[in-house]
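Take a look at this single chain, the form predicted on its own, given in structure tokens.
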Amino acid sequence: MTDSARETGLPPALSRRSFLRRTAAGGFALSTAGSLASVLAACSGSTSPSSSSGKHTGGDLVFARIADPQTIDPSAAIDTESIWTCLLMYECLYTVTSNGHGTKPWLATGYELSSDQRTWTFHLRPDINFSDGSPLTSQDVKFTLERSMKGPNAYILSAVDGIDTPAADTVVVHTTHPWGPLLGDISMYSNAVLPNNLRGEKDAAFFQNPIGTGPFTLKSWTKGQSLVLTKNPHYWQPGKPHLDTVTFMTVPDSNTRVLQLRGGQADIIEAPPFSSVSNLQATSGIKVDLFPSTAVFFVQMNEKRPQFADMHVRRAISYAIDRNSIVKDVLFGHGQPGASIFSPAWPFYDASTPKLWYDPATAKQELAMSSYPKGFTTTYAVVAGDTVNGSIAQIIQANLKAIGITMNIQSYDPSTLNDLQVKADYDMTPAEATLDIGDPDEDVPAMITLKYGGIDSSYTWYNNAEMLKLTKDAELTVSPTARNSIYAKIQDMAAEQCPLVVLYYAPYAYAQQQTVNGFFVPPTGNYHLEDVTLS
């Protein structure tokens, strides 16, 4: 695909999947009031997998999560539960490192890059088989990547110009120009390897009983209730997986998940509310993990509204918001104020990014320099029933009132609010961005560049030629050192111009029985259950 194809993008509901997991559209936590706070982004928790040495092999792990996957086709996945389920059944050539800051070989042993930085030669691990016992070959990889380039996540391979398979264990990827994010792109869930031509089956038939190289295979799926995975007997990592089966129970209500954990009906639960963390930590037999995450939570403002096209207004709003109150009163202390559009768990995060934090006097000065020195009236749109963002909205409302801006709060159902954003028929709303790969390019074009990345600078319509150039420069640069310098400039400019007012980062919350060993969630959120054992 050419660069112009990347710029054209896909329909907003499909492109830049992880960025669209935003609070305004429901995303990870629209299911029940109070569940949102516990699925956030990066300040505390474990940093490396715990050892499962000495624990027994076998058993069934019961895992209560907030929603059912929408699909088990990795190319078609755009929702979190689908993605994390797929990555237990299918795998990529490369995968994200445990700290989320890069990639490491997985189905591939490594690669070579040509002198013109446009040809990447990948070498497959020997003796990897699919779950049906058949060998993995380069033809499977070629088929998968070409199939992915036709799916809803096609943008991630938009720099790919062609794929060759000179040998059964060799895949050659050609790009139209040097492309820094290529290893991250290859590690994207949508590029998890499937057998060539789906063994001659149509999509619907294949995914009834799919074949992959992952540690588990599909045993059963009762949609809306449970999905059961069973051990892949042909898995390439010796001795793994340890578990016989994993049963995912769909339990949208956060309080019900907590009760199931306490009652022993669940071994692991996803997203216990932050309000319950302290109590769970004090409960015998239960462990709570707050894993660093890539999620960034911010306020987006519609720059088609003249007040938000004024940079001084946006800066005034940033200075007016008391982020410490949000962390203390809404997140129960489980978070940290944010300044950069990158979370600390992103590669190339710059801790020295300017901090336009709570300073009412400076906020009033910025507003005085704007075209609205006496303030104005605006509306902050949230999802109905979202108690977390509803509480945050009330804090922001009081903060803005103190500098002369009247902010009304309006609730909508998720689909209506999403439509309003797409049509630029809103003023302000909360949003979220996360990474699925160890490279910022998955999200940066969507967050801060107009008509590049598919969603109009996060539906803010922020438009800055220098920012666009820096974003493309980061993509066309392969050297990590050079890319780091470029991304530092991007973070500085975004902080100073406030196309998005970053609020906070906070951890992914999980709670588990003490009998569970080796459970670890990297900043990208996908967990490697092949490492888990039960005592």
Partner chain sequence: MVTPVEAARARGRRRVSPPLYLGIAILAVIVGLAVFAPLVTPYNPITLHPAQALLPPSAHHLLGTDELGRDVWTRLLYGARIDLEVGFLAVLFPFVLGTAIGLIAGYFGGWIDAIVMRAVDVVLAFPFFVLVIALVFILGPGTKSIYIAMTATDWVSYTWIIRGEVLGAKRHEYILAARTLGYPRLRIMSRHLMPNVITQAIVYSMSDIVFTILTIVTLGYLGLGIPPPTAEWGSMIADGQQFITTHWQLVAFPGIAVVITGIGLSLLGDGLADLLRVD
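In this text the structure is predicted, and so the values were computed from the model without any measurement. Numbering follows the first chain given and starts at 1.
Below, we refer to the form predicted together with the partner chain, which is not included among the displayed structures.
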For the chain shown here without its partner, which stretch in 194-202, 345-353, 384-392, 424-432 has non-hydrogen atoms within 4.5 angstroms of the partner chain in the predicted bound form?
384-392
Among Lys104, Lys219, Lys328, His177, which has any heavy atom within 4.5 Å of the partner chain in the predicted bound form?
Lys328
Out of Asn99, Gln410, Gln225, Gln365, which one falls within 4.5 Å of the partner chain in the predicted bound form, going by heavy atoms?
Gln410
So, Ser82 and the partner chain: in the predicted bound form, are they within 4.5 Å at any heavy atom pair?
no
Would you please decide whether Leu113 lies within 4.5 angstroms of the partner chain in the predicted bound form, comparing each non-hydrogen atom pair?
no
Answer for Ala398 alone: is it within 4.5 Å of the partner chain in the predicted bound form, judged on heavy atom distances?
yes
At the 4.5 Å heavy atom threshold, is Asp164 in contact with the partner chain in the predicted bound form?
no
